[in-house]
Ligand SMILES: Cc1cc2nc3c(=O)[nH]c(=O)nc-3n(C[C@H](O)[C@H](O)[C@H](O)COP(=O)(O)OP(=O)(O)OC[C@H]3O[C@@H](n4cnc5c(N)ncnc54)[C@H](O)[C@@H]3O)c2cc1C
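Form predicted alone, single chain, as structure tokens, below.
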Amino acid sequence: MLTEVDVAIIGAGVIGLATANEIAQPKKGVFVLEKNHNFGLETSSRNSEVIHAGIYYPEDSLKTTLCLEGKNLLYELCERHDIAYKKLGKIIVAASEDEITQLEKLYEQGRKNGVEDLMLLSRTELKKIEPNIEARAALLSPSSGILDSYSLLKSFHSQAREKGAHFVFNTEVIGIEKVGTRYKLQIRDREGISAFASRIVINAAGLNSDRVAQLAGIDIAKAGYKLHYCKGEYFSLSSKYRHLISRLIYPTPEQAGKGIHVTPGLNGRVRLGPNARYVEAIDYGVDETQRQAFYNSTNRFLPFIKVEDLEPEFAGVRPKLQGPNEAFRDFVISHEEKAGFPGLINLIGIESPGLTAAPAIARYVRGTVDEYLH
């Protein structure tokens, strides 16, 4: 007879942790399975740590609604649990005349999305608040910020454990089979291969979420769940640039990402990135030959930097649903009841603004779980 649990969450990144924290209760057996030795070692800890305002995406998308809700929840969580953050504000710059139209479109999209504090700035107005930035015009988003993502992950983890969630690390899910009203999960850990049963399976496996959906029996090609890996590298600036900017500085966005932006960290260290390059395999090395491209991209609005001041920092990989030159794809948060898998909830393509949206995504998933159980 297999051991039975109520909920199995696959993946202990920010989405898995936030979800465990949201649904764990003393009387509900919630188990979080993570193939790595600790939580948040992939996409959740290899990003810009930005709290996004909700400007970029279509107004009726999950990316927008969950980003807007998540932003407010995140600031509350940071206050309540003493997680370091700064509501710095973000400036999106038009480095040339033809980019001003793009800025105006972003402003309109942001307003449509319900971001009410956006301001278009002239060159003179920009110079008053960021004298070292060079641009023709800019868009100011005062509600954007940065946070200590590790402290957020740690907070979700410890709260979920206090509520009774169990975390099992160094454990990979290698099989999911529907057996009656339960799912039989086959796992591989240090002791070998074993199995247990769960009433609900939440797939929060990030970069591997399409493969986990496939393990469960979903035709990922037909469902449109196949992920594309998009690598983003970061370079940091030497310490002499520590206090030359006080806000997040972004270029007008590109197709695969938001463009190489400039992030002053909580410690004052200035980071450039990420770029966006589609890759075939997950690899966290920084290609130092990208230094010149980073310099060329950011020198347009940071004229004071020198190429030799860029130091390789780290890299991350985004789990994108849209491939190169493909149209916008929203988050997939799907209870697969109609596909014949009641109790299986897939979260796929949770890239930016996934960190910002995490607490709102967790509430959304809890609603789905509650609906299914009752």
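Each residue number is its position in the shown sequence, starting from 1. Treat the numbers as computed from the prediction; the structure is a model and nothing was measured.
The same protein has a further form, the form predicted together with the ligand, not shown here; the description that follows concerns it.
Novice: Which of 22 to 30, 333 to 341, 58 to 66, 311 to 319 has heavy atoms within 4.5 Å of the ligand in the predicted complex?
Specialist: The contacting stretch here is 311 to 319.
Novice: Look at the candidate spot formed by Glu99, Gln109 and Thr252 and say whether the ligand comes within 4.5 Å of a heavy atom in all three of them in the predicted complex.
Specialist: None of them does, since no heavy atom lies within 4.5 Å of the partner.
Novice: Answer with one of Ile91, Val212, Val270, Ile202: the residue that has a non-hydrogen atom within 4.5 Å of the ligand in the predicted complex.
Specialist: Of Ile91, Val212, Val270, Ile202, the residue with a heavy atom within 4.5 Å of the ligand in the predicted complex is Val212.
Novice: Mark Asn132 yes when one of its heavy atoms lies within 4.5 Å of a heavy atom of the ligand in the predicted complex, and no otherwise.
Specialist: No, Asn132 is distant from the partner.
Novice: Is Gly232 one of the residues lying within 4.5 Å of the ligand in the predicted complex, judged by heavy atom distances?
Specialist: Gly232: contacts the ligand in the predicted complex.
Novice: Is Glu172 one of the residues lying within 4.5 Å of the ligand in the predicted complex, judged by heavy atom distances?
Specialist: Taking the distances in the predicted complex, the answer for Glu172 is yes, it comes within 4.5 Å of the ligand.
Novice: How about Pro353 - does it come within 4.5 Å of the ligand in the predicted complex, if we only consider non-hydrogen atoms?
Specialist: Looking in the predicted complex, residue contacts with the ligand include Pro353, since a heavy atom lies within 4.5 Å.
Novice: Under the 4.5 Å heavy atom criterion, name the residues of 1 to 40 that approach the ligand in the predicted complex, in sequence order.
Specialist: The stretch 1 to 40, when checked against the ligand in the predicted complex, contributes Ile10, Gly11, Ala12, Gly13, Val14, Ile15, Gly16, Leu33, Glu34, Lys35, Asn36 at the 4.5 Å heavy-atom cut-off.
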